[in-house]
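Consider the single chain below, provided in structure tokens and representing the form predicted on its own.
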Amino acid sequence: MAYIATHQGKTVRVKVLETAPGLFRVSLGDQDYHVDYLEPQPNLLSLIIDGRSFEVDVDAPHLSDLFEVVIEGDHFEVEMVEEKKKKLAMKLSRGASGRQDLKSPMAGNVRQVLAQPGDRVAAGQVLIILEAMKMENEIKSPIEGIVGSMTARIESAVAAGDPLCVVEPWEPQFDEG
């Protein structure tokens, strides 16, 4: 399993591979360690790392990625996140960019079309309202942009995956003069 660990602003990739019950190979960046692991009581770990013994107290709120760690009286706060989860979070935080082809997320009927081709729209602005199973669902622009085309028509039926509209990124125009 691969993780991303962060402590005092420094981030390192951590790979953990169980080689036998209670025995692990742990890679921190480009350093490998052999770890003998035992948890004699909850939140208390007994570790032998490359022949050196450590008693480690670990505490983390349920479902938290932030760990309070005490080793030989020294206190550390470490964020430990699965690498896949961290990469997904980083990708989502960057948000959408470029041309956006909005498709219907479900089968339903178009109840309202709130933007027309050429309209400038804000990220998060509602463009279309679909009705599915007597529920209204808002289709929002994922970016600030200009509506390039609108294929959704009021009272038309759409299937999941049908194209609804296109939003082109808005680029501010500056006078060069």
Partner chain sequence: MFTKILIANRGEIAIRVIRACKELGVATVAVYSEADRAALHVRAADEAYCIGPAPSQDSYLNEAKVLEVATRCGADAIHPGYGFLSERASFAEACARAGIAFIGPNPEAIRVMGNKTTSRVAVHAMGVPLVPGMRENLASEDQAVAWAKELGFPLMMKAASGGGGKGLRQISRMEDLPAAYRAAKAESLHAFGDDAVYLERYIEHPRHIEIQLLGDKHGHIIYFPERECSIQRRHQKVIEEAPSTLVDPDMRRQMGEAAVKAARAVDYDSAGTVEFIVSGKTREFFFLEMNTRLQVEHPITEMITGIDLCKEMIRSAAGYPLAFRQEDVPLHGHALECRIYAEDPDNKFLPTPGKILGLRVPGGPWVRDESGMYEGLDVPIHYDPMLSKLVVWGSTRERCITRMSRALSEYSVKGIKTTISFHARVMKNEKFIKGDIDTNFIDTQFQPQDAARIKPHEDIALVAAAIKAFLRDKDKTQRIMGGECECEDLSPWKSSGRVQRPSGL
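Numbering follows the first chain given and starts at 1. Because the structure is a prediction, the values reported are computed rather than measured.
Below: the form predicted in complex with its partner chain, not depicted.
- Residue in contact with its partner chain in the predicted complex (any heavy atom within 4.5 Å), chosen from 143, 49, 146, 129: 49.
- Using a 4.5 Å cutoff between non-hydrogen atoms, residue 84 does not count as a contact of its partner chain in the predicted complex.
- Within this chain, residue 119 is remote from the site of its partner chain in the predicted complex, having no heavy atom within 4.5 Å.
- By the criterion of a heavy atom within 4.5 Å, residue 137 is counted among the residues contacting its partner chain in the predicted complex.
- With a 4.5 Å cutoff on heavy atoms, residue 78 counts as touching its partner chain in the predicted complex.
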